[in-house]
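In structure tokens, one chain follows: the form predicted alone.
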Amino acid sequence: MKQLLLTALLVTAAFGAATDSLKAGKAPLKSAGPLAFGPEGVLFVGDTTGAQVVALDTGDRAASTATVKIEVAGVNQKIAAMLGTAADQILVNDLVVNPISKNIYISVARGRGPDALPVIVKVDAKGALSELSLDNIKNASVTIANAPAAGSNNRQSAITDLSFVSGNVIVAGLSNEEFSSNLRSIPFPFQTAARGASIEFYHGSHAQFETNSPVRTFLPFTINNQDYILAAYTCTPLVKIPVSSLQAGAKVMGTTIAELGAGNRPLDMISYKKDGHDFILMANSSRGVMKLQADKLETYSPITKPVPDKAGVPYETMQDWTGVQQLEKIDNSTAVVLSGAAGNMSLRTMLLP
């Protein structure tokens, strides 16, 4: 009984630490891009237009163990109708699953161009859509001081992906520095955002070292009890970067462990366990969804010389996972997938292969 009481007190303290810094008011979002969940229903939103990360208290803390099965055809059209506009006037940017409630959250731009409005849409386990109000919500924000200048070509890559890892928000994107590819580790609750680390890697299919190519998507991954970022870049190298190296102002050399094919852009990645083995699924713009074997990533030799097209970690293409734009793990058996063309997109759950 004493142990249970102590556990309850620790959980309560952790919750207070996570949310006490959030203050009720209108969320300062100027755009809604990459998403990630932190502790106790706190949703982190990457705002490229505002060059900031915004934490929102969704209040979504009711635990669910129910099986999630969703099939929402024309989800972009349904979102547009809910927002009182046409489907061609919204842009779906990202989706994430609340690990507590299993509800799905989608970041949307209502409108096109610089005047587009940020919207967060919630989809419950039955597929019902609702809008998360940003008018009076507990929130906090932190500015990325060395982001590319507003209006520059690189501003929309100021934040390309983010994740919450061991009390820190890891933010990928570009900076305004000479080595512009950047990974920032920002403690939460927020104080200030340091410069981040500049990332360099060898791109085998380009036969050169690169410092200005942004991480397009990444996921945290543990290798031999050490925390890494597995980062995917355009054309499609997979690079491992130790989380411990992400110090402010550091210049970090990542280790390229796979070249997954040129003429391609990675869109999203998840990792999962099945039958005692680790796997990674990567959605791509022109090469479908790849299933990578991830049991022993430490055994693959670094790619340091030109390769014709593919090398390193092997993969197979999932033929029945077509048109996938975004994917997110619900548990080790199920993922939620956003697929289809811009005019008609579907949201559905799928069993992990």
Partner chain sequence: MKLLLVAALAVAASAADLKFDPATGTVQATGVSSGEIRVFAGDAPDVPAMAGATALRNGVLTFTPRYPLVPGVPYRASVSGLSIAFELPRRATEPTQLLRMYPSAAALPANQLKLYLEFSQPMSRGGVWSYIRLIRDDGLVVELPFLEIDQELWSPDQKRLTVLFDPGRIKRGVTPQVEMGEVLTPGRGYTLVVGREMRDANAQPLTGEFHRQFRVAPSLREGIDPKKWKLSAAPDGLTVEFDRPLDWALLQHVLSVKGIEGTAAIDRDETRWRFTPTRPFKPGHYELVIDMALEDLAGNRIGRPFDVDLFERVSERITAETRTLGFIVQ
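Numbering follows the first chain given and starts at 1. Note that this is a predicted model, so its numbers are computed, not measured.
There is another form of this protein, the form predicted in complex with its partner chain, and it is not shown here; the text below is about that form.
Across the options 162-170, 205-213, 221-229, 183-191, residues that bring heavy atoms within 4.5 Å of its partner chain in the model of the complex belong to 205-213. Annotation: in the model of the complex, residues Lys30, Asp57 and Asp295 none come within 4.5 Å of its partner chain through any heavy atom.
Heavy atoms of Asp135 reach within 4.5 Å of its partner chain in the model of the complex, making it an interface residue. In the model of the complex, none of the heavy atoms of Gly276 sits within 4.5 Å of a heavy atom of its partner chain.
In the model of the complex, at least one heavy atom of Met82 sits within 4.5 Å of its partner chain. Arg110 belongs to the set of residues with a heavy atom inside 4.5 Å of its partner chain in the model of the complex. When its partner chain is considered in the model of the complex, only one residue from Ser141, Ser157, Ser245, Asn103 comes within 4.5 Å through any heavy atom, namely Ser157. This chain is drawn without its partner chain; in the model of the complex, the residue among Val123, Ala197, Val119, Val96 with a heavy atom within 4.5 Å of it is Val119. Contacts with its partner chain in the model of the complex, taken as any heavy atom within 4.5 Å, map within 283-318 to Val307, Pro308, Asp309.
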